[in-house]
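What follows is a single chain, given as structure tokens, in the form predicted alone.
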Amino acid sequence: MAFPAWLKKIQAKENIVISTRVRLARNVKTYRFPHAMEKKEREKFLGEVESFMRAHEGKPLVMFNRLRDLDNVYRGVLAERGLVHMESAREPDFTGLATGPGQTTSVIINEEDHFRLQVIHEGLNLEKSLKDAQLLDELVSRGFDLASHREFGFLTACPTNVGTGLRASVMLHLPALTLTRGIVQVLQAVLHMGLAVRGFYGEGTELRSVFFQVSNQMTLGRTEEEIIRHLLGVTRQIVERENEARQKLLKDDPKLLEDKIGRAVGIVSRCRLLGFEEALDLLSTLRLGSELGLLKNLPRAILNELLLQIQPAHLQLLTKKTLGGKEEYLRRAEWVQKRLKGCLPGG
């Protein structure tokens, strides 16, 4: 299974913002929201969407699948890439997924809303992501009468999405702010500005690592462009603070930085068992070392790919084995060491 297109693009300047995601929630007037639909109704709607999608195959969408036709591991991979919800991967009966080239664009059918139109790009690409999502919106609106209200805008299953139905987010890597303990102040400021902060997997996940998703919370009363501009401005402020923290570490406490990076190199090179969260933390430290020029031969492309490959379903796909418990930890350690061979000091 090929990597998503956004992972293949290495940013020469931007390294703190890993990816941008824009999602539009849409529903159809003639059907109840998915959570209120009976099984026959959900199946009927899925069939209508499948017929429409197959009749319009080509850009921006090239492939349609019913999730129940895919095996468990493949569905898990889709969930780990943020293309479907984890619950849909586990209970796929009436859910469909249409994807574009490189999985940059996608439409998920019959989750919380009838349609979730999604675009993912590398780096800080909010404006481009919005334009691409609007193209998906135009496609869907040609085939379906979408539910909207003259005053409130688009109607959605979750009240916080009513209005534009837009959820825009950026994935940020903030190790220096975390290390200098400036992250609490930054996140508090972000929340004060009306944005949400989530963990690595987005909605419903805890803030356990140095990877954070920052997104808008409300969509009512603002245009799509206003939401994007607000998130863009806040993100640029966070990036500036992270860069300041990195320079402060280099200037004021280089030994702390060198020690943390050296320990990460040692553990990654010699460990026999490696859990997902520990792997994420270690890769973050290696990434910081590479971006600060302290690890000279560590390609960012490999680090990007490992962000996916260390996740459970991806690891099962790579090893072609059903993994669990100690076996998963063992295979993760082996895979990380294989990918980083020759890239780390002493390796």
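When you see a residue number, it is the position in the sequence shown, counting from 1. Since the model is a prediction, treat every value here as computed from it, not as a measurement.
This next part talks about the form predicted in complex with a further copy of the same chain, which is not shown.
- Here the chain stands by itself, but in the model of the complex one stretch of 300 to 308, 317 to 325, 274 to 282, 44 to 52, 274 to 282, has heavy atoms within 4.5 Å of a further copy of the same chain.
- A residue is said to contact a partner when one of its heavy atoms sits within 4.5 Å of a partner heavy atom; Met86 fails this definition for a further copy of the same chain in the model of the complex, lying far away.
- Among heavy atoms of Val107, none comes within 4.5 Å of a further copy of the same chain in the model of the complex.
- Although the partner is absent from this view, Val265 contacts a further copy of the same chain in the model of the complex, with a non-hydrogen atom inside 4.5 angstroms.
- Within this chain, Leu250 is remote from the site of a further copy of the same chain in the model of the complex, having no heavy atom within 4.5 Å.
- None of Cys158, Val184, Leu135, Leu256 but one reaches within 4.5 angstroms of a further copy of the same chain in the model of the complex through a heavy atom, and that residue is Leu256.
- Arg270 is the sole member of Lys131, Arg90, Arg236, Arg270 with a non-hydrogen atom within 4.5 Å of a further copy of the same chain in the model of the complex.
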